[in-house]
Ligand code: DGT
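The chain below stands alone and is given as structure tokens, in the form predicted alone.
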Amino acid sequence: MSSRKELVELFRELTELLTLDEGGPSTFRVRAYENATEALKSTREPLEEMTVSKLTKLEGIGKSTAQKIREYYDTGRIERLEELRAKFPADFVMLARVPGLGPKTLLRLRDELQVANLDDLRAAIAAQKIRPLKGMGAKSEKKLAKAIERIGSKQDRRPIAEALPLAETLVEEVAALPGVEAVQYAGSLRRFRETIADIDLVVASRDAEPIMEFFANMGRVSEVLGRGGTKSSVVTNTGIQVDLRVVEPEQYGAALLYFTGSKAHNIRLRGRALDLGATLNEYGLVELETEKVLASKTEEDIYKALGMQFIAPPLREDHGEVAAAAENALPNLVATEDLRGDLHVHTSYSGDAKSSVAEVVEAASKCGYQYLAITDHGKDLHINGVDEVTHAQIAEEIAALGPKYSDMLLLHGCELNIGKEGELDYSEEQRAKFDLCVASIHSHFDLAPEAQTERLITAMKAPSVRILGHMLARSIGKREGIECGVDAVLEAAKEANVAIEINSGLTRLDAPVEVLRRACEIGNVFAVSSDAHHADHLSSIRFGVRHSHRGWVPRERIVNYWPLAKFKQWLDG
């Protein structure tokens, strides 16, 4: 089955492998494929019906990428991608996820030391074979060893930004198959963990065979690990294992609950079931004495039969949620449709963003927002900074759109850069001209914890700062977050009435869960923000919503959940 989403997957993979092949991300060809990937994600054109000539008329699509798009729709494959897969096996590509290993270094390790996987890299470090390489040395070797140590048990896990798009595509494709009544991904991905070991799919259908046939023969499959009547396992070309289970529709809720987990959550539920004279497994909640099925079709039915509130999947980690649900004491979690605005959004004035001010505002209007903050970068950002003159132009564009969007409060904001000592872009007088300022770290990630703590607190003392953006500046699977005194920072934010951002970017999901839980205890307020760099990406705010659930954040503490009047009161300090 050919699909737009699968094509985006393939182009993402092509870009990643081409980055390795060309020794870095800045070559013309790599940028061309990055642009094409973004174009494929955003265009609504019927690509499968278009010729190469017509495809090249789409913004971001050149002749070479157009030919590969056409090749995919004509043959179901892309030859260049298959060549690169053969050249760079999945185990080697995984090395690119080790912090500090760039494409050029990786190629040298492979060519000079025959490093093909993580075990080879560990062995090379242990034998001190890396330090003699030109440009490396003992310090580089030590940093690599530390990076691998940090990865630890996560070495075989994938960042959610890699796993979730694939899972959503698989769900969409399986849902379209005849006889499928319901399908959902389960496991740690449904619980919205930051990294996953594999993808679990649970399908409700009375006819499993056609589903198994489709699953085992997908174009993205590199290996079939096992195929049975109701369960199959495959490995994709990118090395991600996917397990599929087909159950009877009447058992779907029980199976989904069981395979979502966590294991500790399931054990807690089974204990509660036993206390009520029942047993709970992947087939249903069954009364022990009579063997009567009390609930099985939906998760909601099972929780209700257990005398509990429904527990959202991100909360199912055995962190007290079962006891809280039994007492009707779970937090009131926010839903995406509850949010009344987005307070961290970029336009094409930020060099790494793609959409105009007008396009972003129109997209926000379609979301039904009551308020929106355009927050292009401050001028001190090394590559994509925006100076005072350009920000004045942005303010004019926003003001000009006001009459057309009179039902939405449009704010001209800025994402300020927090410098090494806590200094911010522009003067305080200039910053006061912005309607809202987000302050974020974009550099100096390796400072001592005391220095990081002080720079964050210093930045939040500026009267113009209303939101602390992506607090630990982490990049999941690539860069650890900064080390700082979390309690001291959260206390300072509370004192200054600065909101802690819940950044929705799948590579960030920052602040981390443990910080969010602590912030709830301290009494902070929060802002769920998309940090969108394209108008189509405003919808990614749904990821921040689910991350807020993992942090047990009550919706009444989220500033962009508040009605406009209350939000404006907070904004004015």
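Throughout, we count residues from 1 along the sequence that is shown. The model shown is predicted, which means the values in this text are computed figures rather than measured ones.
There is another form of the same protein, the form predicted in complex with the named molecule; it is not shown, and what comes next is about it.
message: Check Pro331 for me: does it contact the named molecule in the model of the complex (non-hydrogen atoms, 4.5 angstroms)?
response: Although the named molecule is absent here, Pro331 would stay clear of it in the model of the complex, with no heavy atoms inside 4.5 Å.
task: Answer yes if any heavy atom of Asp200 is within 4.5 Å of a heavy atom of the named molecule in the model of the complex; otherwise answer no.
output: Answer yes; at least one heavy atom of Asp200 falls within 4.5 Å of the named molecule in the model of the complex.
message: Check Gly187 for me: does it contact the named molecule in the model of the complex (non-hydrogen atoms, 4.5 angstroms)?
response: Contact check for Gly187: yes, within 4.5 Å of the named molecule in the model of the complex.
- request: Spell out, yes or no, whether the shortest heavy atom distance between Gly261 and the named molecule in the model of the complex is within 4.5 Å.
  value: Contact with the named molecule, yes.
- prompt: Which one of these stretches, 476-484, 140-148, 75-83, 266-274, sits within 4.5 Å of the named molecule in the model of the complex when only heavy atoms are counted?
  reply: That would be stretch 266-274.
- request: Taking 4.5 Å between heavy atoms as the contact cutoff, choose which of Arg431, His442, Arg108, Arg191 touches the named molecule in the model of the complex.
  value: When the named molecule is considered in the model of the complex, the option within 4.5 Å is Arg191.
query: Of these, Ala373, Ile196, Leu285, Val247, which has a heavy atom no more than 4.5 Å from the named molecule in the model of the complex?
result: Checking each option against the named molecule in the model of the complex, the one that comes within 4.5 Å is Ile196.
- request: Since the C-alpha distance between Arg474 and Ala90 changes by 3 Å or more in the model of the complex, give its direction relative to the shown form: closer or farther.
  value: Compared with the form shown here, the C-alpha atoms of Arg474 and Ala90 sit farther apart in the model of the complex, by 3 Å or more.
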